[in-house]
Structure formats: structure tokens, C-alpha cells
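Starting off, we have a lone chain in the form predicted on its own, written out as C-alpha cells.
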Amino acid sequence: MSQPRADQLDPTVLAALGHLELVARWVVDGFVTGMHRSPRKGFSVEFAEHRPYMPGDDLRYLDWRIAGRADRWVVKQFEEETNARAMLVLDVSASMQWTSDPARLTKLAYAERLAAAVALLLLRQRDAVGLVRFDATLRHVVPPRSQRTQWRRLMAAFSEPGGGNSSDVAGALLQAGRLVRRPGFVVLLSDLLADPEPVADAARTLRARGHEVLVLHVMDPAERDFPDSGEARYRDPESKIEVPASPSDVRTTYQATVQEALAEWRAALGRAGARYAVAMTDEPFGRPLRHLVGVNGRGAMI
């Protein structure tokens, strides 16, 4: 009997079995079967960066000067060899640190594991990937690189604490787009507690610069379903506004409002040329990963 794939497991169960780095590796290993392409696209004359030599690399690109001076084996990597450049834009504001059930991952914990899986998948195919963590300002920036050491930089960034009470989604998108020097990918993971139009305008600007924009709307199931919890007071974690209500009185209206909001996001980002998908924190990582990692027009993943 075959073992279940990690990308198809309950995310809470999977997260309980290992830390973020290990979960990302398990998810990618489970997901990547059958999704291979050549990591080498040829070369150009424009030097991009060095990376450590790996068995099987063409010795013509070994930098003999560095090998002779520093006893380090590195190969030259050229712009066209670095297949793609991507920035992961992760919302770490207070609302992302919420869960409706202590046994379930917070939106931030879920998004971090998914972002780590996307980053690892890109690095394994020798693409350059970076990370922006933001709330109202940019909390942490890791410029896109494709070296093996980039994985450690990203893991260190993910371990940083969460952010403040509000978020500037549009501003973070624009800042991230400036860090990708040539047309690449900008992947936003956020609960999107923001106005759609400024975010769509930012996505449109990135599209005009040649970037592909992918937006993953991370939601807790209770935000969609509004379960019955008796008389309660509901507080916005960012604005701190509290509203007393009985779920049975407002559920139908609430659910209709949520569906309208999702439709508004989908339409606004669609008009801007961005890809949009919703991810619930109780669904296996493989499903949103399939939305984020597809096959583009160049035959490349993501």
C-alpha cells in the first residue's frame, strides 16, 4: 500500500509532524512527481551570478580564477540560464495570525508553509526567488537569488516575528515588482483585508512591466462559513472595532457579502491581468500549489 502524498494531507496534521522547512520539503516531494523540465535553457553572454559547482555541471562554466585563488568551485550563471525570477509577497499583518480553531493553522502559518514550498520548488529548478514580508511597511526583504544558500536566507526570514495591525498590500506589490530586474513573477499571499482597486492597480502596473502576478487569497473556513457560536462580540484584529451579533441573525447576509467580496476580487484582479485563487487553511497544500505552480507559455513551471 502506497504512502499518502504530503501535499494531499490535512495541513494541520502535516505541520504537527515537522517544522516549516521539513513540511515544505515533504510537500514539494509529494507534488513534484512528473513535473520536470530541463533546468538549463542555454546561455547568453550576460553574466548574472556565481553558484556552487554541482556534479554534472559543464566544466566550461567553472570559474577557474576563483578555484585557484580561494579553493572554491563555483560556476558562472548567465541571465538566460536563470530561468525565471520570482518574488513571494507575504502578508504578516495581525489578521493573518488569526485562526477560528486553535487546532487549525493560522492564516500566516498556512501561507508560510505554502510560500516555502513554492520557493523550494523554484530553487530546485534553478530559478531565482526572493521574499517580501510586509504589513503597513516592508518588514523583511530577501532579494531574488538562485544559489543554494538562498534557501537558508528564506528560512531565516520566515522565522522572523509577525507584523503590525494593518497592511499595505498595494505598496508591497509595487516594491516587490521593483526587485525583479526583468520580467518575472510576483506571488502575493494575503487574506486581502484591503480595498480591491488599489491592489488591482498595483497588479496592473506590474503586468505593464512584463511581470506575471499571482494572488492567493488565504482564508480561514470560519471566515467563509460563519459557524454558529452563540451570542458573541466580533472584533476586527486590525481596526479593533467590535460588533455584538448573533450568528444565526447575520449568517445569510454575511455569507452573501463574502461571496460578493470574492467575486469583486476575482473580477478586479482579472481585469488587471492577474491570476487569483482562494485557499482555505483546512485544505491540503497541494490544491493551492497547483493554482500557483502551473505551466506558462514558455513551458516552465509557475
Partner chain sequence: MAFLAPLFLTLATLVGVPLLVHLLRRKVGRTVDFPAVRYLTRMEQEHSRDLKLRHRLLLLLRILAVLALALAAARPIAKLAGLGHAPVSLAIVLDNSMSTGIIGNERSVFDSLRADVRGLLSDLSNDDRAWIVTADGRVIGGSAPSLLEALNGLAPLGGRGDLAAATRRAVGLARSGSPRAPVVAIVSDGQRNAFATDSVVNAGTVPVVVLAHGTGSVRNRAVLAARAEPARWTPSGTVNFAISAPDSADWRLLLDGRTVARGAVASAPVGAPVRLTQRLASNSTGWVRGKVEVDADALRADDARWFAVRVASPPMVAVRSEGGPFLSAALSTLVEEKRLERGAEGAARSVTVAGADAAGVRLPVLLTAPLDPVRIGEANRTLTRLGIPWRFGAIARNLVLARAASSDGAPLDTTAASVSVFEGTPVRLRYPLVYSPGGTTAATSAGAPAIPDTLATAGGSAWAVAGEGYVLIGSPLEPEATELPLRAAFVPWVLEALSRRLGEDGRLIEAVPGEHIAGLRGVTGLESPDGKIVGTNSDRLTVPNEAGVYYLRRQAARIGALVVNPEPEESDVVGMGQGAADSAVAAMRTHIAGRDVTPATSVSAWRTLVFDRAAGHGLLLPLVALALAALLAEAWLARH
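In this text the structure is predicted, and so the values were computed from the model without any measurement. Numbering follows the first chain given and starts at 1.
This next part talks about the form predicted together with its partner chain, which is not shown.
Of the residues 222, 74, 174, 155, just one reaches its partner chain in the model of the complex with a heavy atom at 4.5 Å or closer; this is 222. Note on the interface: of 213 to 221, 177 to 185, 131 to 139, 116 to 124, the segment with non-hydrogen atoms within 4.5 angstroms of its partner chain in the model of the complex is 213 to 221.
Taking the partner from the other structure, its partner chain in the model of the complex has a heavy atom within 4.5 Å of a heavy atom of residue 227. Among residues of the shown chain, residue 70 is not one whose heavy atoms approach its partner chain to within 4.5 Å in the model of the complex. Under a 4.5 angstroms non-hydrogen atom cutoff, its partner chain in the model of the complex lacks residue 106 among its neighbouring residues. Its partner chain in the model of the complex is approached by residue 234, whose closest heavy atom lies within 4.5 angstroms of it. Within 4.5 angstroms of its partner chain in the model of the complex, the stretch 244 to 262 places a non-hydrogen atom from each of 244, 245, 246, 248, 249, 250, 252, 253, 254, 257, 258, 260, 261, taken in sequence order.
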